[in-house]
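Take a look at this single chain in structure tokens; it is the form predicted on its own.
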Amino acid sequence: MSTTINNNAHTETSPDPDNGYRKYSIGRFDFERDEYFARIKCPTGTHVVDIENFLRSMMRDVAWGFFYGWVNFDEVIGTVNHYGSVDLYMGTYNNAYREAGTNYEERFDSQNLLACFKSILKDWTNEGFDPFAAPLETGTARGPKNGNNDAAVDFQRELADRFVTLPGDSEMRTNERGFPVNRQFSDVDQEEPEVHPEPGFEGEIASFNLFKYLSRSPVTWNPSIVSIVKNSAYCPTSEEHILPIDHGNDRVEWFIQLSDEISWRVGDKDSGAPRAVVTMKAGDVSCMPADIRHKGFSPKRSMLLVWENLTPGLELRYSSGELPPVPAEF
């Protein structure tokens, strides 16, 4: 892995006279798009990605702050979070690229790379296209430059500081932001539970309808946080169509399927080689180990609870082999 951090900011060109889009550079990576594709260039070659898939993947990388570990946009390009710095790579976790010697990566200051990605999203996202939405709920990103959709790319996921509805929790909660019930969750009960705490415990006991909360989520594949207990975070999300990225874990994470069904394609984290297909139905619980990548497929909008361990330095304990990649060994 590279250890030198590039602290230089990105650069961008004036809009291209042919299609209206700007070109971007950071380090030795160049980004440009046309009416159908994004092209990512580095010293070892060029990689071409469908523009809608690219923007959906980049949207998650930005919204998640590079997330826990690997965000593979596809089988070739992606980022690795080092919590303060980030590797941007082409082919580093692809056996064919490594064997051919055409893999390449650079390490960047996290905020500089994040600023570059945000600028790309704002310029390359056309009016009517929401990279957070399911395909049936949005327009297209294809074609020449046509306005923008800053409201979509600036969307902030909900991050409760305590437990939703307790004093001190996030002020940005789906239940209070006026979002309608999603078309595929019209049968979800919208009633809230009643809570009657004993005197003196009013600020410590709370309850809310999680299914109502998720039925009004306007985005897909974007975990919010509804409770924090020490380093334990409950991160529910609504899912439809395909998770745009292959998420490579740097720690164990748990999935609890709350409704409907998701199929997960699981591969080796370093090479992408297939390891399993896991189909989860309502009520199923599974563990995603610390040495895999996974991509989800949800044919109907579904609800998923992701349980994360936020313990600082946990990724180093897994990568060093101190902790096994699974929560239990038999």
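The numbering used is simple: start at 1 and walk along the sequence shown. This structure is a prediction, so every number in the text was calculated from the model and none was measured.
Beyond the structure shown, there is the form predicted in complex with a small molecule, which is absent from this document and is the topic of what follows.
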Answer option from Leu304, Cys42, Ala290, Met58, heavy atom within 4.5 Å of the small molecule in the predicted complex: Leu304
Contacting member of Glu253, Asp250, Asp130, Glu158, with respect to the small molecule in the predicted complex [4.5 Å, heavy atom]: Glu253
Contact test, all of Gly27, Phe29 and Tyr89, partner the small molecule in the predicted complex, heavy atom 4.5 Å: no
Interface segment, criterion being heavy atoms within 4.5 Å of the small molecule in the predicted complex, picked from 32-40, 46-54, 59-67, 279-287: 59-67
Leu243 within 4.5 Å of the small molecule in the predicted complex, heavy atoms: yes
Heavy atom of Asn209 within 4.5 Å of the small molecule in the predicted complex: no
The small molecule contact in the predicted complex: Trp264, any heavy atom under 4.5 Å: yes
Heavy atom of Pro223 within 4.5 Å of the small molecule in the predicted complex: yes
